[in-house]
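Consider the single chain below, provided in structure tokens and representing the form predicted alone.
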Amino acid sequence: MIKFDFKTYVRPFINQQQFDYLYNKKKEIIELLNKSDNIGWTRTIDEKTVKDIKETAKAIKKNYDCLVVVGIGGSFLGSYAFHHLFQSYFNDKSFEIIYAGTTLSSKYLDELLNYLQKKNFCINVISKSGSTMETIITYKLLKDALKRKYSEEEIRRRIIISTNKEKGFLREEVTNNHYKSFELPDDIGGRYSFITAAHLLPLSLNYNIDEIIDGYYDGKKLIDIAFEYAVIRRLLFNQQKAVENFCICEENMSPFTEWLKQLFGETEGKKGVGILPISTVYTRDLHSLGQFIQEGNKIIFETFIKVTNSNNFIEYNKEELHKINNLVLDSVMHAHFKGKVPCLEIEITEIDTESISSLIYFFMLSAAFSAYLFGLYPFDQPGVEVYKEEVRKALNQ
């Protein structure tokens, strides 16, 4: 179950007349969203693709002991975040998945290649464009490692590519080498691609993707509260609250806030506007950024993601530690509110596949709505191309 409290620690900062004015745009903005050419993430995934994902996952688990996912940004953050929510902190026994392609660090890649020498691994390369620089470099290094050990026929069994249907280097790789591939739909952008093979294939190795899919589409029921969240964010921005701090108190939720940062950062950070997404882990960051948030420049508002129940029971001074943790979270909201920091609260009963999947859909809806309320198109990221062009120029010199 998911609960939302966008009133207790927010109401004094919101002008009701201004709220009503923006909220009355809901029908108009939903129509804009539905007419968009990037609306595929709201469409039901076809059963044939789901069956293919399950069969591929079954073959991976039967034949290999490790999957290396090669991708960056929206090509990996969804499954990476989801997986870490459920991963054990120590002695994790889930099927091993390594996420690569996010760095050009020679130290990291050298150590990765050395580690994989003793591993029976396969590769899932993910890029919507099929030409993402970091992804292609990592893929080529890993393919070279496979060439040093296996025949072309064996390599063909160990490479899976998820990319667009028609163009790009990775599509050429599929065509020329007959690698197993999944098509990423043209009408679904990277940061909105959670309900595609890009994320469902890695997740299917450790989780019931039927539950994930069901939970995801249950998120459609949250459309009204998603729009309310977007309106509140927009009104807070009008009051110079230009930074949103996503607050959690579970360390394993940190990758989820990284996914949120990309989602909101790329969706609405354009044309000199948008809200900067940051994140903190409490109580840890109360001893660093806590001072600034409490008494510093009032440019911040916070969205707390609270987990009501825990399956891990630890008692301290006759009190359940998880309850103490949540008591601290509640106290932080109250303290920051007293410091003139608006605080929104999202509460989930427990960390389970269906709740998290619904929350993913909720945030994607909210991000799209937020962009439209800023007068922006939600599904492009032209600024990301600037650094790529500079890199191309530098490499050609």
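Start at 1 and count along the sequence shown; that's the residue number. The model shown is predicted, which means the values in this text are computed figures rather than measured ones.
As for the form predicted together with 5-phosphoarabinonic acid, it is not shown, yet the points below apply to it.
Chemist: May I ask whether S79, P255 and S357 each come within 4.5 Å of 5-phosphoarabinonic acid in the predicted complex, counting any non-hydrogen atom?
Modeler: Heavy-atom distance to 5-phosphoarabinonic acid in the predicted complex: none of the three under 4.5 Å.
Chemist: Counting non-hydrogen atoms within 4.5 angstroms of 5-phosphoarabinonic acid in the predicted complex, say which of N326, S181, N206, Q262 makes the cut.
Modeler: The residue in contact is Q262.
Chemist: Considering 5-phosphoarabinonic acid in the predicted complex, which of T132, N124, T196, T303 comes within 4.5 Å of it through any heavy atom?
Modeler: Selected option: T132.
Chemist: Give a yes/no on whether G73 approaches 5-phosphoarabinonic acid to within 4.5 Å in the predicted complex, heavy atoms considered.
Modeler: Contact check for G73: yes, within 4.5 Å of 5-phosphoarabinonic acid in the predicted complex.
Chemist: Would R233 count as a contact of 5-phosphoarabinonic acid in the predicted complex, using a 4.5 angstroms cut-off between non-hydrogen atoms?
Modeler: Contact check for R233: no, nothing within 4.5 Å of 5-phosphoarabinonic acid in the predicted complex.
Chemist: Quick one: is E268 in contact with 5-phosphoarabinonic acid in the predicted complex, heavy atoms, 4.5 Å cut-off?
Modeler: Close contact is absent here: in the predicted complex, E268 is far from 5-phosphoarabinonic acid, nothing within 4.5 Å, heavy atoms only.
Chemist: Might G190 be said to contact 5-phosphoarabinonic acid in the predicted complex, defining contact as any heavy atom within 4.5 Å?
Modeler: Taking the distances in the predicted complex, the answer for G190 is yes, it comes within 4.5 Å of 5-phosphoarabinonic acid.
Chemist: Please name which of the stretches 65-73, 45-53, 346-354, 332-340 has residues with heavy atoms lying within 4.5 Å of 5-phosphoarabinonic acid in the predicted complex.
Modeler: Correct option: 65-73.
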